[in-house]
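Shown next as structure tokens: one chain only, the form predicted on its own.
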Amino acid sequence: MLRSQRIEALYALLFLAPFLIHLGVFFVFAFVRTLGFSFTDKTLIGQSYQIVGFANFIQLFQDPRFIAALTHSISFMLIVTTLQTFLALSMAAILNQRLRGITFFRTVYYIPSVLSSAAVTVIAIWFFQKTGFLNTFIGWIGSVAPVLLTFVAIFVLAQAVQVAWERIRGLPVALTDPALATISLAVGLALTWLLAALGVVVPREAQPPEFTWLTNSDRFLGVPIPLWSIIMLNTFTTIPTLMLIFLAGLQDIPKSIYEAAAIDGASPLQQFFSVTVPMLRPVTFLVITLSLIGTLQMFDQVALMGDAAPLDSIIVLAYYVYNNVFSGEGRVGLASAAAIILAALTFAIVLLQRALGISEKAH
């Protein structure tokens, strides 16, 4: 090796040293130490410990709380990753349009991701309370439902009449024609206001539902209702970051491809599925990978829920590990075994994702 190459390698090593030290101490050393503890009966209060082989792993699968945490983590991962990916891509496609004031809307939609997780969780606890915002809002919607349904019916009727009239005149207007929709909107608002003023259509008394989101023991699609609250909260706070990644990917797709597709007669929907989705495969791979890892390791929102929801209805693997170490006698060995299972599960699911065809190569 030439002297210049040795100096270049030395500089590279110096620049990489902080990252390598951080990786070695907080990841490699921590993983090896956790792997070693997983085969012992170590506790926080005990000074000595014994090697117990695979006893911790066997005990985990005999613990109903661990089975619940494992099931919740997998359900949480599948639901949140699907919702995040679909909604983030949809929002990115909308915000990729050249519209006046689009920067303002991009900023507004990104705000949830910069908010403190603790602050958002506290707000969410109030949001999902029995007398919180969500139940109050549902009760209000129910009270004004007659007025809203009347407006929608008049709007649809006015739009249908106008479109039929224009087509009779030989004009090929679409059902969603914006000019006709504006007239239908004005007609709907005016007639609804008139019917309400005459007392023909009146709002009902608001009756918020008695439904409890955080203390409910029921399940929906096999997932506890309190965990659905955290699913909605987590999806809301993580979509903006993934949307930004999709938006960067969309802006890298050459406009000439869309122009060629338009010349060939492809509709906007066909362009989306035949051009946008295949060209975004590398970005989609990144987004799904980040989502899988993030959702499997979700901890903070369960911890911040505290006593607002029963632990067995919201517990996930990451919190199971924490709870075993920092409660009771501090079962470090058992918690280490659970952490190893969580790491193995994360690694296996990312490999499975690649095997199923969600690769990092664009088509």
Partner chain sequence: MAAQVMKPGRKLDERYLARQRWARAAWVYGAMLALAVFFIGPFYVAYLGSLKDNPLEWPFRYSFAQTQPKNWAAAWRLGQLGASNPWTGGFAPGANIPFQVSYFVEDGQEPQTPVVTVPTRRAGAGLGAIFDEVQAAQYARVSEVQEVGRRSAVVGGQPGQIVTYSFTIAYEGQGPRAPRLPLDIEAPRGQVYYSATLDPNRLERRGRVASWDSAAPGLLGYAFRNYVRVFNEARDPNTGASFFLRWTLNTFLVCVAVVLTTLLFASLAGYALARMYFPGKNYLFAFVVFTMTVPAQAIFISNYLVLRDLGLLSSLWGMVVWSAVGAGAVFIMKQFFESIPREIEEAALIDGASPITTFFRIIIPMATPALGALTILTFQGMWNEFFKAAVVLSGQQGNYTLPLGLSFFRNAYGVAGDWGLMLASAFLSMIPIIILFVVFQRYFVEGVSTSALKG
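Only the largest set of C-alpha atoms that superpose within 1.5 Å between the two forms is called the rigid core. Predicted model only: the values in this text are computed from it and were never measured. Positions refer to the first chain, counted from 1.
The following text describes the form predicted in complex with the partner chain, which does not appear among the structures shown.
For the three residues V80, I230 and S327, a heavy atom within 4.5 Å of the partner chain turns up in the predicted complex in no case. For the chain shown alone, A12 is a contact residue for the partner chain in the predicted complex, at least one non-hydrogen atom being within 4.5 angstroms. Remark: Y322 counts among the residues lining the partner chain in the predicted complex, judged by a heavy atom distance of 4.5 Å or less.
Proximity of F61 to the partner chain in the predicted complex falls outside the 4.5 Å heavy atom cutoff. A residue is said to contact a partner when one of its heavy atoms sits within 4.5 Å of a partner heavy atom; A181 meets this definition for the partner chain in the predicted complex.
This chain appears without its partner; in the predicted complex, the one residue of A55, L311, I67, A303 with a heavy atom within 4.5 Å of the partner chain is A303. Note on the partner interface in the predicted complex: the residue among V120, A158, I225, L191 having a heavy atom within 4.5 angstroms of the partner chain is V120. With the partner chain left out of view, the stretch that reaches within 4.5 Å of it through heavy atoms in the predicted complex is, among 72-80, 248-256, 215-223, 192-200, 248-256.
Using a 4.5 Å cut-off on any heavy atom, the residues of 197-220 that reach the partner chain in the predicted complex are, in sequence order, Q207, P208, P209.
Once the rigid core is overlaid between this form and the one not shown, I341 does not reach a Cα shift of 2 Å, moving by less than that. Residue displacement note: V277 has its CA displaced by under 2 Å between this form and the one not shown (rigid core superposed).
After superposition on the rigid core, the Cα atom of G132 is displaced by less than 2 Å between this form and the one not shown. In the predicted complex, the Cα-Cα separation between V277 and T176 shrinks by 3 Å or more relative to the displayed conformation.
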